[in-house]
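This document starts with one chain, in the form predicted alone, laid out as structure tokens.
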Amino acid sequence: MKYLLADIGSTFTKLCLADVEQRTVLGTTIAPTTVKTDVNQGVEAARQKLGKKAEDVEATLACSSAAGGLRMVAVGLIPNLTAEAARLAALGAGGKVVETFSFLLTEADLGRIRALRPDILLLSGGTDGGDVKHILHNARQIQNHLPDVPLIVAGNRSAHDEIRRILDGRREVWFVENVMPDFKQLRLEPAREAIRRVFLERIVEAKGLTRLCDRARILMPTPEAVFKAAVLLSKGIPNSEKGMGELLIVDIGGATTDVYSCAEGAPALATVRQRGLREPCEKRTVEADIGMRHTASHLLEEPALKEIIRENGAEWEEMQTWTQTLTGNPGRLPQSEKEQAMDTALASAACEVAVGRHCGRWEEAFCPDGRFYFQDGKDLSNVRRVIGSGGPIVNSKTPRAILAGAKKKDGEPALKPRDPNYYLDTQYLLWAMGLLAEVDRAAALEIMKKNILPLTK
């Protein structure tokens, strides 16, 4: 039984043909995404490269991050509590959170949200039975000033009845369980499922993907597919097949760099205390300003890139020219050893910065009993498996050099892996296996284990 798996990305459209009975990949292809005309053209161009192997498939399953992905704004009460919970829910569902707002929405906030033009607005605030003032105020502001933005309400359930009255007549609004029903207790899945539903019902049409639905089942945003694959690979299938255990995945793309971790990340020492919201075991972050093509110029501002260029004796002016070339022509691939070296430098910097932002940090403090530390976020120091995915890593001649950016450096504040082993998603399959897991989890897990291999050099 064969499945054709498709990812319509911002820059390239990728296809993977998988045989679930043989637990193998029959072929993969790639073609430029044709989002400005008709995405089906890019899909068909990629399918033609598979030839007759792509005939007689059971079904075509698809994910997409085309045209910038799923742009989301999260609104909550306390920055590091309900607002952070809303942000985590959106990221886990495959959204690109362009900004998060806390407390009472102001006129300036509303103007900023209009300028951001989000695909979905996620409204949270207050634990169940707790504060209702803030979420009711924000619901009124949203209703009066942002009437056309699809809205998901995932806050204090005690306020839901009043919010329904406030939003009476609004066309696109969904109510789900609170993302933080009790203090520091997360319940993210209902909000994530609602985001996925909105993606299927509305965003597919808005992104010009409607015709693709005639030939494929659009299941989810691409980052959610990778997220599902990461969780399956880490945890395995209970009472059936073991997973790899705790891991970190770095997925570098043309527009963003996504980082996924499946690890508890709790304080490892008695002198360290968790501060703020304890993050979930399965976490995704997306760095919308760090990509290898559309946002390559932003990397020029990162000290990590400047250090990498200095260490390799490259010319800064050449890197500036290269990033300008990439920004103006996202489909451009390196055509010489020098261009390949500059692409590797960009990828190394993207990895270092994105993983640093994903991991938690310690802050030193003192009390009468002596020195201790506050931990914000997750401590990933003991994670031993770092997996590279995304075209810039998979197609690189030196993927290990890129992934080295995920390792903690002396004096670095981020709680990054101290002594990781590096692995490569050799055929760039994580997104595809997240799709395949929707119909056959065992096949998806076995194929991943066959194709995610250790890097020895």
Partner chain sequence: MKTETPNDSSTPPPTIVLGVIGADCHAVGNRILERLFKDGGFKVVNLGVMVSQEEFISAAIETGARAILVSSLYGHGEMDCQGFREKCSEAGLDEILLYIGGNLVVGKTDFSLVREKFLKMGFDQVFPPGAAPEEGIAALKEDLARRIVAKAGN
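Numbering follows the first chain given and starts at 1. A quick note: this is a predicted structure, and the numbers were derived from the prediction, not measured.
A second form of this protein, the form predicted together with its partner chain, is not displayed here; the remarks below concern that form.
Asks: Sort through 337-345, 238-246, 176-184, 324-332 and report the only stretch with a non-hydrogen atom within 4.5 Å of its partner chain in the predicted complex.
Replies: Only one stretch passes the 4.5 Å heavy-atom test: 176-184.
Asks: Go through Leu219, Ala304, Ala314, Ile78 and name the one with a heavy atom inside 4.5 Å of its partner chain in the predicted complex.
Replies: Looking at Leu219, Ala304, Ala314, Ile78 one by one, just Ile78 meets the 4.5 Å heavy-atom criterion.
Asks: Work out which of Gly130, Pro267, Pro280, Pro190 lies within 4.5 Å of its partner chain in the predicted complex, going by heavy atoms.
Replies: Filtering the options by heavy-atom distance leaves Gly130.
Asks: Answer with yes or no whether Arg293 is in contact with its partner chain in the predicted complex, where contact means some heavy atom within 4.5 Å.
Replies: Arg293: no contact with its partner chain in the predicted complex.
Asks: Could you tell me if Arg273 has a non-hydrogen atom within 4.5 Å of its partner chain in the predicted complex?
Replies: Contact check for Arg273: yes, within 4.5 Å of its partner chain in the predicted complex.
Asks: Tell me, yes or no, whether Gly253 is in contact with its partner chain in the predicted complex, where a contact means a heavy atom of each within 4.5 Å.
Replies: Outside the cut-off, so no.
Asks: Just to confirm, Ala115 within 4.5 Å of its partner chain in the predicted complex by heavy atoms?
Replies: Looking in the predicted complex, residue contacts with its partner chain do not include Ala115, since no heavy atom lies within 4.5 Å.
Asks: Are there residues in 354-368 with a heavy atom within 4.5 Å of its partner chain in the predicted complex, and which are they, in order?
Replies: Heavy-atom contacts to its partner chain in the predicted complex: Phe366, Cys367, Pro368.
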